[in-house]
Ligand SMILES: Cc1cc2nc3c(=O)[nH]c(=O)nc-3n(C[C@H](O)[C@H](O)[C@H](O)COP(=O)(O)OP(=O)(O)OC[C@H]3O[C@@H](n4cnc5c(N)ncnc54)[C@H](O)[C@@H]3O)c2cc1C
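Shown next as structure tokens: one chain only, the form predicted alone.
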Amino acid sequence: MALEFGLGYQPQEIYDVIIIGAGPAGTTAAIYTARGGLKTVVLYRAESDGALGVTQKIENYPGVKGPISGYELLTIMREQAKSFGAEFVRGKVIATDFSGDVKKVFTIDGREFSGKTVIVASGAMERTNKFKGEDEFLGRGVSYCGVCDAAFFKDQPVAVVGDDDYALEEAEFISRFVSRLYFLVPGSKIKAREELVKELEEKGNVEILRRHRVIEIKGDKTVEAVRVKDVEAGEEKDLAVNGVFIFLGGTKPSVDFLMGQVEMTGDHCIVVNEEMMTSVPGVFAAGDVLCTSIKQAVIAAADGCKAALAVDKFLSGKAKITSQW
């Protein structure tokens, strides 16, 4: 399977391991692979990546005295991984090619990363349900990428739907182009650092609407409005917009970029053996993509450790996994 993106980007080097996701599973894996001397790159979607990143308070993570926010805990983990030489690169993964000995990973901004092995630790925060009109107007006003499409809405009104720091960061970028931006938050809280929320609130062309749920995306040939419900008031209204950017999360494993190349269950959970390897040699998985019944940061971190040690075994040709202290 050859993927041609036509953007002229050529990978500069081949990593020993590419880790997709910078939550507790991916970051722990990076600590072990980098400390073990493997050239490691971690690709992550947002600073507060995954479920842990948006958790407000942690008090039960071993060795870390709480209370501490999930973002703070992730920061500590990432700094430890970086101290051993792990590289962290922001970029949302949209495609992969596992057909050769060298695996390829592609990000939404057109970059290509090559590695001898891959650890998939992208979590489980994809949406299972879509809004009425979302599929109909995809590419005709509906977008999932501000960096890709914001410029197409120069001096036009748009809506951004989301409730975390990824959505906030995308909204801030989009606001540089558009005439008006409605930031629609389904609930009462935005799961992001207060400084990010304040920065968006202070923009003159942005209006944050909490407790506003999308009912339908409407239009003719392109998007013309989004119908929303003010949950607090119990009223529905149309917002006249030419674009709707959607950055909501959910509980489905984030595995679309695997493009069916590894064995999965009917619930889109990745199947691995006892050494965390998938059905494709050299491709491993850890964390919530495995749909473990108990979802805890410490369990995801343990998965990441196991996957990292298995990568070391795979690359070195050892007969068995070697413990690392």
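The shown structure was predicted, so the numbers you read here are calculated from the model rather than taken from an experiment. Numbering starts at 1 and follows the sequence shown.
The form predicted in complex with this ligand is left out here; the points below concern that form.
**Asked** Picking from 137-145, 89-97, 205-213, 173-181, which part of the chain touches this ligand in the predicted complex when contact means heavy atoms within 4.5 Å?
**Response** Of the options, only 89-97 has residues within 4.5 Å of the partner.
**Prompt:** Looking in the predicted complex, any heavy atom of Ile20 within 4.5 Å of this ligand?
**Reply:** Because a heavy atom of Ile20 falls inside 4.5 Å of this ligand in the predicted complex, the answer is yes.
**Request:** Would you please decide whether Gly123 lies within 4.5 angstroms of this ligand in the predicted complex, comparing each non-hydrogen atom pair?
**Result:** Output for Gly123 is yes: heavy atoms within 4.5 Å of this ligand.
**Request:** Verify the contact flag for Gln261: yes if a non-hydrogen atom of it lies within 4.5 Å of a non-hydrogen atom of this ligand in the predicted complex, no if not.
**Result:** The answer is no: Gln261 has no heavy atom within 4.5 Å of this ligand.
**Item:** Distance check, Ala285 to this ligand in the predicted complex, heavy atom within 4.5 Å
**Value:** Residue-level check for Ala285: no, no contact with this ligand.
**Message:** Under a 4.5 angstroms heavy atom criterion, identify the one residue in Leu38, Ala51, Ile31, Ile270 near this ligand in the predicted complex.
**Reply:** Looking at the other structure, the residue within range turns out to be Ala51.
**Asked** Which residues from 292-316 come close to this ligand in the predicted complex, meaning a heavy atom within 4.5 Å?
**Response** Heavy-atom contacts within 4.5 Å come from Lys295, Gln296, Ala297, Val298, Ala300.
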